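Below sits a lone chain in structure tokens, taken as the form predicted alone.
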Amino acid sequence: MVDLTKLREMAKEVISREDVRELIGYRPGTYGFRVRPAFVTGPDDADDLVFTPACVNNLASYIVLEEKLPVKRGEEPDLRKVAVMVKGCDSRALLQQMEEKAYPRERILVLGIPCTGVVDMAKVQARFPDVLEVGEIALEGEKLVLSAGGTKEEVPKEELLADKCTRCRYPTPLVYDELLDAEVERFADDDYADVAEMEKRSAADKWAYWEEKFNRCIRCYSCRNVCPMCYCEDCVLLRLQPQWMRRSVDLSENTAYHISRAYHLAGRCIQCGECQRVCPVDIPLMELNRKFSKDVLELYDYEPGTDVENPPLLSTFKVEDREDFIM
């Protein structure tokens, strides 16, 4: 696990640079074992930074969320770098965003965090409910140690680990300027066994399954808002003119929304699982996204967010491509 003293010293050094205006990291939450994003603009704020197994948020989302306000006449926009702390899975979002030319590489400074896994906060909440004071989670060997209210409990790591971490192949960030600890060896693999199981089911069975899931949706758009790859300034799913789908919350419109969004992420989803993590009605959205990821890998031998030199899968063409099917 990352040495906090080294992390904070590195953060102070980075935020003191003239070419850096902000650092995005993690700080303790206000209750329980939660951790929240921190936006550091001065060296003094760096003392609050932490990195623990509770740092589940993908901070790459904030890089593309920033509103670019117009500047007054005669003033120049602030083009200094934004520094961001990323785990291995989060670094794939940065690579995919840069692959899509969302921003140039020189606009960000990446503090890479070799990661041994983060917890699923729903599992933590179920195991330790009603903890209102600030608690701490630390990884010691293969056990997670949770402390709160003067008590301490050890739990086997695999009991609380997030599902995405059990199949993580990139624990060390794929892009970074500074690495905050030694590289972590790959400790898991992904054979898409869960998707293969879903594929075996009949069409009627699959429809009944997703009908029940999509019926729960309240269209809060949390899945879209937290996604590091959903950064279009003008979301086609919200347009009123022309209106591609109605705002009504019913099975038909909910299904259209989720299927459209899954297609929009085909060849772009980096499987950070943020959409599913924040869903207030527990729709297993990663089952849908992982089906598309598996198809893209098998059909095109393409994995998003792994090589910034790769052109975006569905945004390129060759002049010799077939076109007789185009109407």
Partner chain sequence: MAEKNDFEPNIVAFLCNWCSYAGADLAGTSRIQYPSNVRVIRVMCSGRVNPLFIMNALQQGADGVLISGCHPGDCHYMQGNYYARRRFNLMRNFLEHLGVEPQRVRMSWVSASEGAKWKEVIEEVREGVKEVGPMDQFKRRQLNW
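Just so you know, these numbers come straight off a predicted model, no measurement behind them. Numbering follows the first chain given and starts at 1. C-alpha atoms forming the largest set that superposes within 1.5 Å between two forms make up the rigid core.
Missing here is the form predicted in complex with its partner chain; even so, the following discussion is about that form.
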Of Val71, Leu79, Val236, Ala122, the one that lies within 4.5 Å of its partner chain in the predicted bound form (heavy atoms)
Val236
Identify whether its partner chain in the predicted bound form is within 4.5 Å of every residue in the set Glu253, Ser260 and Phe325, based on non-hydrogen atoms.
yes
Please name which of the stretches 55-63, 40-48, 261-269, 274-282 has residues with heavy atoms lying within 4.5 Å of its partner chain in the predicted bound form.
261-269
Close approach of Tyr31 to its partner chain in the predicted bound form, 4.5 Å, heavy atom:
no
At the 4.5 Å heavy atom threshold, is Arg246 in contact with its partner chain in the predicted bound form?
yes
Exercise: Lys291 in contact with its partner chain in the predicted bound form, heavy atom 4.5 Å:
yes
Contact label in the predicted bound form: Ser16 to its partner chain, heavy atom within 4.5 Å
no
Residues in 279-301 close to its partner chain in the predicted bound form, defined by a heavy atom within 4.5 Å, in order
Glu287, Leu288, Lys291, Phe292, Asp295, Val296, Leu299, Tyr300
With both forms fitted on the core, check whether the Cα of Thr316 differs by 2 Å or more between this form and the one not shown.
yes
